[in-house]
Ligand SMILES: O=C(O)CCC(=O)C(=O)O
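Take a look at this single chain, the form predicted alone, given in structure tokens.
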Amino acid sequence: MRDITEEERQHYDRHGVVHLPGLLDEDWIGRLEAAFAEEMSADQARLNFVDFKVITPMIKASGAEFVTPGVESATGRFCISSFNWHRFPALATLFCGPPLPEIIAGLMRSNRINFYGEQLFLKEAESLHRTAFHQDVPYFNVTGDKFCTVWIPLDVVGVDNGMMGYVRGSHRWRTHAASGFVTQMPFPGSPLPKLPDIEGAEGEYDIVYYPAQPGDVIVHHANTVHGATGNSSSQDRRAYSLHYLGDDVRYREREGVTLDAGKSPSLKNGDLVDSAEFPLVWASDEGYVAPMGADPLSSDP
């Protein structure tokens, strides 16, 4: 595992996103691939498969429009599974133990790191719909500047199979409403404004797309606007997103948030996010802290 550089820290500060090539070694990625396969096979009822053939009539009936033009009749599926690390010890070991929490602490210049949760993403082959540009902040019940998402691909990623794109500098924008991942329509009940039509005017924004491969990591500020291309290839695209919180982050329940797994029954607005749901995993004066009785330093995957 390599260290991040001061140049990479400054890049993150300036742009709200940084691509870290070759950060994770083959063994770590191999263990993550095994965890991905276990999660996919363990409990299909918990996997949220979005079948575009099924949701297209629903999207049209809602009055929303797809952000990808000309694919209203496209098939393919997208899968997301959120906040299951409590159920899979291998995920707790990888995400709450070395090296990521300490690396992220250095990147965000934080003295402590809490783990907010993880999300599994699968864009199946021929899933042509792109993921709409959005910010992560409005989907989650926390507030603060030291809040980031770590995106880890398990496959080689390019423009034809779900490459991630980021609006540089947008981490300094105001927070906008959460929306459906293939439309720009905001979730009902959100008091936040709608994002501008970035998909329809990409040339007007400073957008960078990052090709990536297993071992690479892309870290973005949780307020950075980002999205992904569709998958027109014949191969699935697999990835995990991890959400880490630094020392200025506090709990805050938001209106218009649909993800109940991102809430805590023990915290109230303004609390430091030390809880069973969002455990402290690393601190500068303690090192790694095992969450929920798990041992993140264990060598067992």
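Each residue number is its position in the shown sequence, starting from 1. Model, not experiment: these values are computed from the prediction.
Omitted here: the form predicted in complex with the named molecule. The next part is about that form.
Within 4.5 Å of some heavy atom of the named molecule in the model of the complex lies at least one heavy atom of T131.
Using a 4.5 Å cutoff between non-hydrogen atoms, N84 does not count as a contact of the named molecule in the model of the complex. Using a 4.5 angstroms threshold between heavy atoms, T149 counts as touching the named molecule in the model of the complex. At least one heavy atom of S241 is located within 4.5 Å of the named molecule in the model of the complex. Shown alone, this chain has one stretch from 266-274, 233-241, 247-255, 26-34 that lies within 4.5 Å of the named molecule in the model of the complex by heavy atoms: 233-241. Proximity to the named molecule in the model of the complex, defined as a heavy atom within 4.5 Å, singles out one entry of Y205, Y210, F187, F181, which is F181. Out of the listed residues L154, M164, V167, V142, M164 is the one that sits within 4.5 Å of the named molecule in the model of the complex by at least one heavy atom. Residues H220, H226, A228, R237, S241 are the ones in 210-246 with at least one heavy atom within 4.5 Å of the named molecule in the model of the complex, listed in sequence order.
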